[in-house]
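This document starts with one chain, in the form predicted alone, laid out as structure tokens.
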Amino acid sequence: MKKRIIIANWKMQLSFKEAKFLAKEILIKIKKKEKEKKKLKDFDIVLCPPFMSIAEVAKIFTTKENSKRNILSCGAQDCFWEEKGGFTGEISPLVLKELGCKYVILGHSERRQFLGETNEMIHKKVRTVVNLGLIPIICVGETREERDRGLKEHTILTQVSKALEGINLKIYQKIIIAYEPVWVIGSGQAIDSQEAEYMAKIILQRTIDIYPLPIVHNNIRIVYGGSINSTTVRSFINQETIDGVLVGSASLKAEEFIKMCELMPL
């Protein structure tokens, strides 16, 4: 079984000080659990703060307490598709790597919707991120209109195919694909876990169409995102194909996020 993962996307919800404080609070609570002999199970925890907070949050994760077990990793919420150049206002993935980021969320539905990101743009970002040794978290998901028209499978297959087109993963390169139905993000209501499992299997099959089985089994993880919290997380993570969760608003409270971590199975 693949190593599980829980990813916190803090979006643009926190100030510089708030993000720094929350990262410290989560690390402290994890250390406290371990001192109480309630050691969290072996899975990856990724925190994706706003851009301006990344450097300080990444520093927190280089402390002796964290680096000993690599409890927490830092991720970014987006990047540009070039390492450097005349791209005013954009974020270099190379700089993110220098700051200590290991993961980058790409193609989130909010960026597709509000900033006009296309499948082609997301593909270029994925290629650059993978080549730099970072791990892309590729978000895919259908809108309510697409679902009502019976296009949910087509939408997901297209997004996955376009994102990975022509990218030949090497044995040391990894990717994560996050299924996030657009119509539930921020609604507070997650979809049925069996439905999420069905869509995860659709994604899995497409990756099998693209890559050799050993690469799929060892280098690709599929996660679910969309109104996840401590009351719903277990129903998703216990599914056969879902390897983890991408958490939004529920990750903004340390107590709730740690509770979710405690519910993660082996």
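In this text, residue numbers run from 1 along the sequence as written. All values derive from a computational prediction rather than experimental measurement.
Not pictured, yet referred to below: the form predicted together with 1,3-dihydroxyacetonephosphate (13P).
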> Does E142 make contact with 1,3-dihydroxyacetonephosphate (13P) in the predicted bound form, using a 4.5 Å heavy atom cut-off?
Replying inline: no
> Counting only non-hydrogen atoms and a 4.5 angstroms cut-off, does K20 reach 1,3-dihydroxyacetonephosphate (13P) in the predicted bound form?
Replying inline: no
> So, in the predicted bound form, is I242 in contact with 1,3-dihydroxyacetonephosphate (13P) at a 4.5 angstroms heavy atom limit?
Replying inline: no
> Using heavy atoms and a 4.5 Å limit, would one call I228 a contact residue for 1,3-dihydroxyacetonephosphate (13P) in the predicted bound form?
Replying inline: yes
>> To test your reading of this chain, name the stretch in 148-156, 78-86, 127-135, 177-185 whose heavy atoms come within 4.5 Å of 1,3-dihydroxyacetonephosphate (13P) in the predicted bound form.
In response: 177-185
> What residues, if any, in 223-249 have a non-hydrogen atom within 4.5 angstroms of 1,3-dihydroxyacetonephosphate (13P) in the predicted bound form?
Replying inline: G226, S227, I228, L246, V247, G248, S249
